[in-house]
Ligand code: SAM
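Listed next as structure tokens is one chain, alone, in the form predicted alone.
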Amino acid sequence: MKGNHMENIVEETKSLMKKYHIKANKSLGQNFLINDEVIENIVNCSRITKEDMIIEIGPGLGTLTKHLLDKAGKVLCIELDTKMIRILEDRFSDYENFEIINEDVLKVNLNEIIKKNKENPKTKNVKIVANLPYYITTPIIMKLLEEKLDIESITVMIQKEVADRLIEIPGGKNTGAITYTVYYYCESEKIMEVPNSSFIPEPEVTSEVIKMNLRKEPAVHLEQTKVMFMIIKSAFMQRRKTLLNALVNTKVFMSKEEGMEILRKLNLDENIRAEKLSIQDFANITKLICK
């Protein structure tokens, strides 16, 4: 059954590409997903019901869109490539629960869209589900989190290396500056690894599906979160250096003495590196600096 299914999706993708004279657009990071099992997993782990509105970013040929439309109350697609808009409209304009916006997701006012759609009493939750363009994964994720959208979860397929950094627990081996942002807003999990043979054309990297569930309360309580994230960014700008040196060099600590004093108060080793700190450690540093 799986084998047949896989052939169907490959045939369908190839015939759509032929019919509309489509070549994957490298500059838009297009790789078309042709693995049914991956699509099934994305849809299943998103736990979609008729009370959900799904925002799909970069639907491309609509391979995933079709499955989302069957499950969700509404699917809103945001697609930048006008060639894809035509295909999506041809394929799905008969669906009453389908809507499409031809726009760059980074320029879209998602808060407004979500608010408007939630006026419909049938829409209880909003979820993001997407096979994201890899070249702008990080700005998209940051936008989704920092704009404090009224969403329940974000399920995305992205490059494995980036995915591992996003869902790491701060202090773990894949920790980067963005790890703390995601951890602050979400509880995350890895769903599955996706081999590059799952796409036409094959990307050079392995992909991964991850799910980020938005927390009801942030991971730490702090009035100066902006300052905390600025400190984290400064600490990781020079990640080869110790935390102390990185924060002195970026003028977060006014002097080495001040830095050592703060680290001593928090029982942190003066040779510790940024990626070893918990989010609470950064919150505590922020509190002392803001005093």
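Start at 1 with the first residue shown and count on from there. The model shown is predicted, which means the values in this text are computed figures rather than measured ones.
Keep in mind that the form predicted together with the named molecule is missing from the display, and what follows is about it.
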Region of this chain that lies against the named molecule in the predicted bound form, out of 185 to 193, 161 to 169, 74 to 82, 147 to 155 [heavy atom, 4.5 Å]:
74 to 82
May I ask you to state whether residue 32 is within 4.5 Å of the named molecule in the predicted bound form, using heavy atom distances?
yes
The named molecule contact in the predicted bound form: residue 56, any heavy atom under 4.5 Å
yes
Give a yes/no on whether residue 209 approaches the named molecule to within 4.5 Å in the predicted bound form, heavy atoms considered.
no
Can you tell me whether residue 63 touches the named molecule? I mean in the predicted bound form, with a 4.5 angstroms heavy atom cut-off.
yes
Select from 104 to 138 the residues with a non-hydrogen atom within 4.5 Å of the named molecule in the predicted bound form and write them out in sequence order.
104, 105, 131, 132, 133, 135, 136
